[in-house]
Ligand code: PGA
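The data below hold one chain only, encoded as structure tokens and taken in the form predicted alone.
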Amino acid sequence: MAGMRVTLRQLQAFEAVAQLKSFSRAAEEIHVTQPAVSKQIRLLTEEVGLPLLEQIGKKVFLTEAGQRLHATCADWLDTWGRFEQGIADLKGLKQGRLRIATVTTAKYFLPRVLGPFYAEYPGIDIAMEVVNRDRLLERLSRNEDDLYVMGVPPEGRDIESEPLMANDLVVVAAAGHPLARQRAIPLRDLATHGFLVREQGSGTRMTVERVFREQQVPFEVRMELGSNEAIKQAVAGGLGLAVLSRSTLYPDGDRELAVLDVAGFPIRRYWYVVRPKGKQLSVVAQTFLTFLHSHVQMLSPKS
């Protein structure tokens, strides 16, 4: 490979396509257009002299050459990432970079601490990726970010996690729902009501399904929706009940919703800061983590 002129940009595009098996998702992941990804793959293929990918229908597969390149590509990018981190550490906190990935629910509170942090360290370049749980776990497995914020840390993975703050789950209904006037509602009384939920794999959904299962109460999924905002609108429209993190409820802006007084609720969970086990945090990431813990009162939702 001594005679090849391969660029970091080409490797990043190839690694993203190889990992996600999709040109469009790869483009979204590395924040470029799909034609830009295709161009980098074409240039890389010309340098290698053999096809690296083959597309059958909408599916992308690695050729033998592609598999060999992918096996070493991750090592190269990881080495470069460590170099970037080392340079950032040498520059101190004046020009560092902070990369955070968080599940969609955390977008309701985490940005509130980024402003004060940036005000104190204006030279730091902050990037926050807001993705669903499955995408966050992909990013975690690829060690793409400094810190990850999520509600249910994955089991069976080499990770380190520490609680950040309470993440209470509450049952919500439309403000005019008959249950809104009742107190100490038994969980079994919710068995006849349909629930609006996020996609399979959502941390909130997994927790709620487990609680209903443990109490041997049927849990009827009426509809899956792609965001908490969509769920709140559907609940306000009378389509069903939902279990949401209190973090997603705005004290002054959710008058169309009522938090139900259900036995066993709120469910006390926590938001966690997660990172791969043994990951050496940069000076910037460690400073932000300390800042986050010391400013956690800014994040707690007002009941």
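Since the model is a prediction, treat every value here as computed from it, not as a measurement. Residue numbers run from 1 along the displayed sequence.
The discussion below concerns the form predicted in complex with the ligand, not included here.
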Does at least one non-hydrogen atom of Gly203 fall within 4.5 angstroms of the ligand in the predicted bound form?
yes
Is there any non-hydrogen atom of Ser161 lying within 4.5 Å of the ligand in the predicted bound form?
no
Any non-hydrogen atom of Arg246 within 4.5 angstroms of the ligand in the predicted bound form:
no
Determine whether any heavy atom of Arg269 comes within 4.5 Å of a heavy atom of the ligand in the predicted bound form, and answer yes or no.
yes
Work out which of Ile231, Val103, Ala173, Leu98 lies within 4.5 Å of the ligand in the predicted bound form, going by heavy atoms.
Val103
Answer option from Ala180, Ala166, Ile185, Val152, heavy atom within 4.5 Å of the ligand in the predicted bound form:
Val152
Pick from 129-137, 69-77, 212-220, 187-195: which stretch has non-hydrogen atoms within 4.5 Å of the ligand in the predicted bound form?
129-137
